[in-house]
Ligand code: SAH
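The data below hold one chain only, encoded as structure tokens and taken in the form predicted alone.
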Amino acid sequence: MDKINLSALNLDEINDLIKPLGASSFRARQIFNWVYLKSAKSIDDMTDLSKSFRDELNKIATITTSTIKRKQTSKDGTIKYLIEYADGECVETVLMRFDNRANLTACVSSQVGCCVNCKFCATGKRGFIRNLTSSEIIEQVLTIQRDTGLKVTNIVFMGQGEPLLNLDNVLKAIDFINTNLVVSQRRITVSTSGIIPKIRELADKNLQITLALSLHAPNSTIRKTLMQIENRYSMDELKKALKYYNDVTGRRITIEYLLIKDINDKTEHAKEVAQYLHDIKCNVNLIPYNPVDETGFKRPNGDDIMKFKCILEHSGKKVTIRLERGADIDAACGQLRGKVV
């Protein structure tokens, strides 16, 4: 008989699991705390349960069915995990730490592979394999906490895959993380390449999360060369969806813009971006390109990055430049692959 994965269960489900063992709801709460608050690595770690009860629980359940296949630590403290699930498929998830900040951010994946296949991204080179279940998404956060003994405070759905193409499981994971791992929705960000119907659907949920939109181009012509999704969901229609999101939720959107040398990083491009965003309630996060061998794209120079930033700021937008984390272990934006290479 396959063992039940405790990491996929809420408190009521744990209670139902152990009732046949003659255990009380108090025991269920103890198990819940060990899994989600104390980051137990095994049932035997649950030392406030009797040895005989742990032996019985071990017969029917396990803490997790996934394993860390590979772990890499960057010189800046970023940790990248290659997590293998029960079916042998793998994804990468990243723990990012920032100097002088208490926040610990988990960058989680939502799919194995990706069908969007943006030209600058390593993940799309694999193609789409399958969606992750909500418990497999949650498992990425729990893996980090079990391995490090640290509490993840922020979640960004910016790993492998297009989160809005797996929206049901992403929403289930967000609800579970918010309720059981006690991570505020305001500390959760969901990134998308621009799946218009799902942006509208997400708006109608009226959650307190942050929506991040991967724009990466000043106009439709350039965007088509970088992102195939532009052929299906144009920038003109995308803008309407973003304004709908603003109107329904009242929340500011984060616009992600990848700066690629001589492709989309010139002053005229910045002016086009400023015009496109002028009536959208948003902040802009500029991302200097992180090299991926197959693309041939290059990182822009510092002067061009700062000129781009100044033009957008002059238009009235709040603009940040993303602090690069984990590039030396291919853990930075666009570098995740999810397989051993």
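Throughout, we count residues from 1 along the sequence that is shown. Quantities reported herein were computed from a predicted structural model and do not represent experimental measurements.
Omitted from view is the form predicted in complex with the named molecule, to which the following refers.
Checking Y81, Y85, F120, F128 against the named molecule in the model of the complex, a heavy atom within 4.5 Å turns up for just one residue: F120. Note on contacts: among L258, V141, L238, I199, the single residue with a heavy atom within 4.5 Å of the named molecule in the model of the complex is L258. Here the chain stands by itself, but in the model of the complex one stretch of 244-252, 200-208, 185-193, 143-151, 185-193, has heavy atoms within 4.5 Å of the named molecule. Residue contact with the named molecule in the model of the complex: Y289 places a heavy atom within 4.5 Å of it. For M158, a non-hydrogen atom is located within 4.5 Å of the named molecule in the model of the complex, even though that partner is not displayed. A residue is said to contact a partner when one of its heavy atoms sits within 4.5 Å of a partner heavy atom; S214 meets this definition for the named molecule in the model of the complex. Although the partner is absent here, E162 sits close enough that one of its heavy atoms falls within 4.5 Å of the named molecule in the model of the complex.
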